Structures are given as structure tokens and as C-alpha cells.
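Listed next as C-alpha cells is one chain, alone, in the form predicted on its own.
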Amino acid sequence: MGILSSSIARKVAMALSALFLVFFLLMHVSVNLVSVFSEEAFNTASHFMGTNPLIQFVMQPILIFGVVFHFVLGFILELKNKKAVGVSYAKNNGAANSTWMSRNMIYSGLAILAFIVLHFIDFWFPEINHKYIEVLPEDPTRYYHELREKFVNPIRVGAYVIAFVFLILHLLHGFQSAFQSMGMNNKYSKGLKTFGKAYAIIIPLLFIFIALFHHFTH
């Protein structure tokens, strides 16, 4: 049997991959938030992230694998849950025993996945083209201008805002589910749940603030 053959193993793997992505979001928003305060500091941080071999050739592939793993496993778990609910629906009222978000994680997940594709098109693909296809000369001051240009179009900004609203909903349930899967039901659980709720709301709101700031100050 594979390591992810049991329901518990799949849930724990899902929780671990989610916590990994949560750490990445924190790092990502920290760098992007610098762009609100200092063009020079943002260019410096982005240039370091974009040229550091450890980040580019170790951390970045791990991150991409983590994103793919999390979404694929999430869809697998959701499909299995749907089947289980279908079998026991006569005995259990799903709407009464679970939240709307817990029953619709797959839809918020699909919305976030669509955003990730858009984000890759906006930022990651141009970086790959710049560095490895056209092999253009590196300009350490280009990052701030490129970021600002992405938030000129109000439709794109709107898509970002909607995606991060979905991320709030997704994270609110995801944190609770991850803590339960990891067996964190102890004296620290209340504090962890409070932290999870704060993170789920504050981090996406910061991303929304960054997008709106660059749109309205362009």
C-alpha cells in the first residue's frame, strides 16, 4: 500500500502541504508589501530573490511541487468526501453538520488555482522568458516598474481582489481542518485557531491592499 493510501495519511499530507504554502504566502506578501513603501528596497529584495541560486533552483521547484501536490490531493480528498456523503446522506444532513465553506472547498480551490495560473502568466512566465529564453541583460531596477504595470488594468485588479476573497474563505476553513488533521486539540488549540483566523483574513487583505495601492497610485 502507498504511503497516502489511508484517509488519515492523506489528511496529514494535505495539512503539511497547506502549512508549507502558508509559510510561502507570508514570505511573498512580506516582499510585495515593501513595494508600497520603497521602490529601491523592493527592487533590491526582488533582485535577490530572482537571482539567488538556492531560491531559484531549490526553493522554487519545491514550491511548484507543493502547489501541485496540494491541489491534486485536495481534489482527491474532495471527491472521496463527496462519495462518502452520498452514501450516508440519508442519515446525515450535510448542511446541518458542516459549514458552507467546508462543503465547497473544491470551488474556492478552483478559483484560487485559476488565480495562480493568472499569476504565473503575469509574473513567472515573463521571468522565465527574460532569464532563460531571450536571455536579456539583467536590470536590478526593473522589478518595481513591472509590478506596477500589472495593476493598471482594472479587470486584472478585480480578478486579483476576487481571488484573494476566495483565499480568505479557503484559509478560514483550511486552518481549522489542518489543525484537526494534525491532532492539535490541546491547551494551545484556542490560540492556534485565533492565529489561523487572523492569518486567513490579514494576509489576503494585504495582497488586496497592494494591488489596489498600485492601481490607484499609478
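Quick note: we count residues from 1 along the sequence shown, nothing fancier. Computed from a predicted structure; not experimentally measured.
Quick note: we don't show the form predicted together with a small molecule, though the next part is all about it.
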{"query": "Partner proximity in the model of the complex: H119 to the small molecule, non-hydrogen atom cutoff 4.5 Å", "finding": "yes"}
{"query": "Touches the small molecule in the model of the complex: E78 (any heavy atom, 4.5 Å)", "finding": "no"}
{"query": "4.5 Å heavy atom contact, L147 to the small molecule in the model of the complex", "finding": "yes"}
{"query": "Any non-hydrogen atom of Q60 within 4.5 angstroms of the small molecule in the model of the complex", "finding": "yes"}
{"query": "Contact check for A45, D139 and V152 against the small molecule in the model of the complex, heavy atom at 4.5 Å", "finding": "no"}
